[in-house]
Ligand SMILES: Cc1ncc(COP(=O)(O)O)c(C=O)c1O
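Single chain ahead, written as structure tokens, the form predicted alone.
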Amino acid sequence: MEHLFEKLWKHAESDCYPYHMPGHKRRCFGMLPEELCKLDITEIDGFDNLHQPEDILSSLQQEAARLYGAEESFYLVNGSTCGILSAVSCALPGGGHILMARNCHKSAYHAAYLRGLRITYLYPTYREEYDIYDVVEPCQVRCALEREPDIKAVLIVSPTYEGRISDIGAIAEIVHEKGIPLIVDEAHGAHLGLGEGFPKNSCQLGADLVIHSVHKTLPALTQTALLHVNGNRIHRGLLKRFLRIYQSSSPSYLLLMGIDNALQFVGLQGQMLFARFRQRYEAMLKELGVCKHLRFLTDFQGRQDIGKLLISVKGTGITGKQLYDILLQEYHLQLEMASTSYVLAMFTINDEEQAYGRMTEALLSIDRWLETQAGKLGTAGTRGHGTEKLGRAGTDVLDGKWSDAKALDWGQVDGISLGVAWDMLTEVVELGESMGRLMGEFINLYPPGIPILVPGERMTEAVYRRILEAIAQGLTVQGVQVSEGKGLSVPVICEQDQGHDLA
């Protein structure tokens, strides 16, 4: 079949002059590489239209569906965000009731707000050994659906940002017993099901709507994604309507080309690439097995994505942010993110051997340094990073235990819907004065963009302490304002506005 890159390149090399958008007219302008400009076009003759594909884009989307085991697939150029917005919007009517994992990306909350949805949360289990939220379990879904029979759709995240994978097959069966659709935000799992030895993707396991960020875990350009649909529980026409609403009417052919190129790459060489990927990753973990202080989440058994290397610093005397800074400043290794007690590195099929070697050498060296600092850390800074006082790493819990996360790190749900709360009048108060107040804005660590507090939830002492700890360690907390002379502040709902309809 013809691929978009080949077709774009042939057109760029032709003598056809562009009397159309974009304004650079396929010529170099400023510092942009000429190759990009040459390939950047709009919906001209012969190149189809993403919002009504009938030619090459239709063929490419059909190929994507075949690759992932879906009935129908859609290219997305507004990222997984527009896929989640479209999926949630079409899966249940406006004002409907959705069962949603509390660790969903903020775009899921935006969809609920736009459609005026009532939300019941699924709180993922908490893995205290690593200070991470784990998967949503099938039994949680079953109990919630039995408790609230008017729920019209279920949305969960798998893999999570840290790479934890739910039992999608079992969850899909439970959800389908109720005759309602299952949406899986599988943004971090675009590589799943494409190579031997890797877990199946959610399309293959029965989910109705699945969203993949191609750019996150496959060699594609940023902002590229896929939305897959299966079964008869989703109105396809309605889905396409919302895709037209939430996606640009001028989709970038560079981004579309990037999706095509990545999927073609995987389709032709996937088995070899994924086998090599797994071999290199497991060899790295074997070498890191000698570490005495740093710990690594290696609980595979179908539950851990090997594309994510979670490195825990619990009990080492340093914080996740400090390890993140050491790796960047001393070893020139840019990680995906830092949390209070761990860091996260991502690996894909496009990593060369040196990527594994550099990470291994750096972590072994840091672990040896931690050995020399045993008993000294906790009050002084790390090597080369000043003498700032260290915050505690992790939380006051016992290693190796699991607990219900509901009361730990989320705001208190208080009967007021997101759609109502986010439109209420707000005032800005000092963070310390926000205890017990209803939030007027989202508060979240970024990355990953999962809300700690949602508009309409009450600030609790546990969340307050979590925010303080994150800020003290230099992490980015969106929604908390830092103003000189005034300290930390957050927007809360005005008390005189709380008498409004709380439906």
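A quick note: this is a predicted structure, and the numbers were derived from the prediction, not measured. Numbers follow the displayed sequence, beginning with 1.
What comes next is about the form predicted in complex with the ligand, which is not displayed.
- For the residues R295, H105, R280, R127, the 4.5 Å heavy atom test against the ligand in the predicted complex is passed only by H105.
- For the options G307, G79, P199, G317, the one in contact with the ligand in the predicted complex, meaning a heavy atom within 4.5 Å, is G79.
- Partner contacts here mean any heavy atom within 4.5 Å of the ligand in the predicted complex, and among 258-266, 87-95, 212-220, 344-352 they occur only in 212-220.
- D185 belongs to the set of residues with a heavy atom inside 4.5 Å of the ligand in the predicted complex.
- In the predicted complex, P53 stays away from the ligand, with no heavy atom inside 4.5 Å.
- Residue contact check for P448: one or more of its heavy atoms lie within 4.5 Å of the ligand in the predicted complex.
- The closest non-hydrogen atom of Y113 lies beyond 4.5 Å of the ligand in the predicted complex.
- Using a 4.5 Å cut-off on any heavy atom, the one residue of 158-172 that reaches the ligand in the predicted complex is Y161.
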